[in-house]
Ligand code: GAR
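We begin with a single chain expressed as structure tokens, specifically the form predicted on its own.
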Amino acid sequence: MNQKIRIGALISGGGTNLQAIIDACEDGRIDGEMAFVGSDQSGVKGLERANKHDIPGFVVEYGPLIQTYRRDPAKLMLPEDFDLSEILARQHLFPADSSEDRIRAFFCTRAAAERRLLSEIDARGPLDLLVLAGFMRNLTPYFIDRFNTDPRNPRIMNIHPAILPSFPGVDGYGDTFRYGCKVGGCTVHFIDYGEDSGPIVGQRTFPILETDTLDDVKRKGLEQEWLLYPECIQNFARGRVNTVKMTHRLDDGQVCRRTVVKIAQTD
């Protein structure tokens, strides 16, 4: 029998992908067990799903921290190990010409929330994989560097409603539909310092018919998500997911370097 990995999940809402992962753990399609479900909002259905399966849950609300900063930045309790200059040197969420005040507010409030997330996670014992299942907050280098203690082996997965690198952001299916794409899809990827820019673990696609509405696209996409995410997690659990650094020299002489995922065909 394969040893089960311990999986934690972060959500913001209904948790349909969370349910797909829970079901796959319980019926043996994932060699793993759910250690906890955390949310940035209380009272969401995803926490109810976790409770029904006796999975511990917790909430770290971002909203009050953001409001505290807006009222008086000096009253926001920042982590002792937070260094804004180090975060800015790593982040790829904001372009260089972004407002300094906006950037400072974002990373300060996120660090305060992420310190609480890390404390909740650490309190629940060792974790092999953290999955974002509809978690509507960008994780910053502050969190990523403290959770991914070995940069060569990322351990934070996310699922995105588009075929990356096309259509990053919050409305992947909507962007796909409005662009007139004939094929839609979803992507599981590791988290990095940018928005939906990390190494791709797996993808699934579906046709978009001329008669399809946006609701049709979303429905088809979710059906593929519920298959893809457990499949990618199982590949991770079986040790098949390997990240490698690739270097390509383009015809114009430029060098392209990229970390990519290779899926081993055998355990």
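Being a predicted model, the structure only gives us computed values, none of them experimental. Numbering starts at 1 and follows the sequence shown.
There is another form of this protein, the form predicted in complex with glycinamide ribonucleotide, and it is not shown here; the text below is about that form.
Glycinamide ribonucleotide is not shown here, and in the predicted complex it never comes within 4.5 Å of any heavy atom of G194. Of the heavy atoms in L222, some are within 4.5 Å of glycinamide ribonucleotide in the predicted complex.
Using a 4.5 Å cutoff between non-hydrogen atoms, G125 does not count as a contact of glycinamide ribonucleotide in the predicted complex.
For T259, no non-hydrogen atom is located within 4.5 Å of glycinamide ribonucleotide in the predicted complex, even though that partner is not displayed. For the options Y173, F190, F107, F143, the one in contact with glycinamide ribonucleotide in the predicted complex, meaning a heavy atom within 4.5 Å, is Y173. Comment: glycinamide ribonucleotide is not present in this chain, but in the predicted complex one of I121, A111, I159, L139 has a heavy atom within 4.5 Å of it, namely I159.
Across the options 86 to 94, 128 to 136, 99 to 107, 146 to 154, residues that bring heavy atoms within 4.5 Å of glycinamide ribonucleotide in the predicted complex belong to 128 to 136.
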